[in-house]
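Given next, in structure tokens, is a single chain: the form predicted on its own.
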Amino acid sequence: MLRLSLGAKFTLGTIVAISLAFMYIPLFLVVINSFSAARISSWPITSFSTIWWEKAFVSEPIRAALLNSVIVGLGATTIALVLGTLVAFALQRYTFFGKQSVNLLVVLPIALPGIVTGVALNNTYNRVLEPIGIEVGYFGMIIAHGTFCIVMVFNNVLARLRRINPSIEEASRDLGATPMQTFRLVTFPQFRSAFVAGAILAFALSFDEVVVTIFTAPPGVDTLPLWIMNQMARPNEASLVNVVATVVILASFIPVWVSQRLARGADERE
């Protein structure tokens, strides 16, 4: 076991503390500024108010953007759950030609820069599909988000499948259970927490995605991150932007926290 000197521990602790402060203090300032009474963000805050939260809740553009984010997130999560789980089972349970290539192709979208994915999909939608009469529209944005959300479900489910004892499923079949009964009563409960955690992470990833959305969103359609980006050039909207940014922060933090709890609970049960 590696033992560190007191000086090394202090140095590493200082580096970690500075890194965490650099990452989270700006987020904290955004949350605090969302309760500022001033129209334009400033520091220090002279007075606090919830007026901008009230205006955000009744703002039609913000509500429409929130609804779009939720719809796209749920649609992308559904695609990720179905395809991610099927691919994970295929790669874990079967041996076939090109297995490693399939693994690479599934993981690649999350590794590619978002702008590359966005440009590629935009060209496909506008220069290939539209000329032959196929209008993807809103559904195209959901598909675009689903391409990189699949990885969240795939990684979680595949990791859990690798830890499942196949003899339990064999015992179920030996006792007369059908394949569907074995999956429903034996297999699925063993990877259910990974399945749910992957779904939560996929939704969070889709909810705060902006780069791919820029290239695939239909005209006039905004998600919350896209709305924030469009409003950044308007200083008078800074307080509303802080409110919406706080909502996005919570929508990203809570799913990650829940998924971590689910994974930890599954590990403790094992």
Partner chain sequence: MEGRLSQIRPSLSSPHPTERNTMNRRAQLSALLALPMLWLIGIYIFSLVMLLVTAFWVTDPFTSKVKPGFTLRNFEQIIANPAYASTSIRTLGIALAVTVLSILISVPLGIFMAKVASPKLRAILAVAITLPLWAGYLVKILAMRITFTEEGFFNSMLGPLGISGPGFSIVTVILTLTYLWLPYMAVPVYTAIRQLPPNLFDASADLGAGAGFTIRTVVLPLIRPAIIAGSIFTFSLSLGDYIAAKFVGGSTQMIGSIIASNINLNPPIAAAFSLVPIAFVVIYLVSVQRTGALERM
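Residue numbers count along the first chain shown, from 1. Basically, rigid core = biggest C-alpha set you can superpose within 1.5 Å across the two forms. Everything numeric in this text was worked out from a predicted model, so none of it was measured.
Just so you know, the form predicted together with its partner chain exists too; it's not on screen, but the next bit is about it.
Only one of 70, 64, 51, 229 gets a heavy atom within 4.5 Å of its partner chain in the model of the complex. Which one? Selected residue: 229.
Should residue 133 be counted as a contact of its partner chain in the model of the complex, where contact means heavy atoms within 4.5 Å? Result no; residue 133 lies far from its partner chain in the model of the complex.
Quick check on residue 74: any heavy atom within 4.5 Å of its partner chain in the model of the complex? Residue 74: no contact with its partner chain in the model of the complex.
Even though its partner chain is not shown here, does residue 33 get within 4.5 Å of it in the model of the complex, heavy atoms only? Heavy-atom contact with its partner chain at 4.5 Å: present for residue 33.
Decide whether residue 81 counts as a contact residue for its partner chain in the model of the complex under a heavy atom distance cut-off of 4.5 Å. Result no; residue 81 lies far from its partner chain in the model of the complex.
Using the arrangement in the model of the complex, list in sequence order the residues of 61 to 99 with any heavy atom within 4.5 angstroms of its partner chain. Result: 79, 82, 83, 86, 87, 89, 90, 92, 93, 94, 95, 96.
So, does residue 66 move by 2 Å or more at the CA between this form and the one not shown, with the core held fixed? It does not, since the residue 66 C-alpha is displaced less than 2 Å between this form and the one not shown after the core fit.
Verify the C-alpha shift of residue 245 between this form and the one not shown: is it 2 Å or more after superposing the core? After core superposition, the C-alpha of residue 245 moves 2 Å or more between this form and the one not shown.
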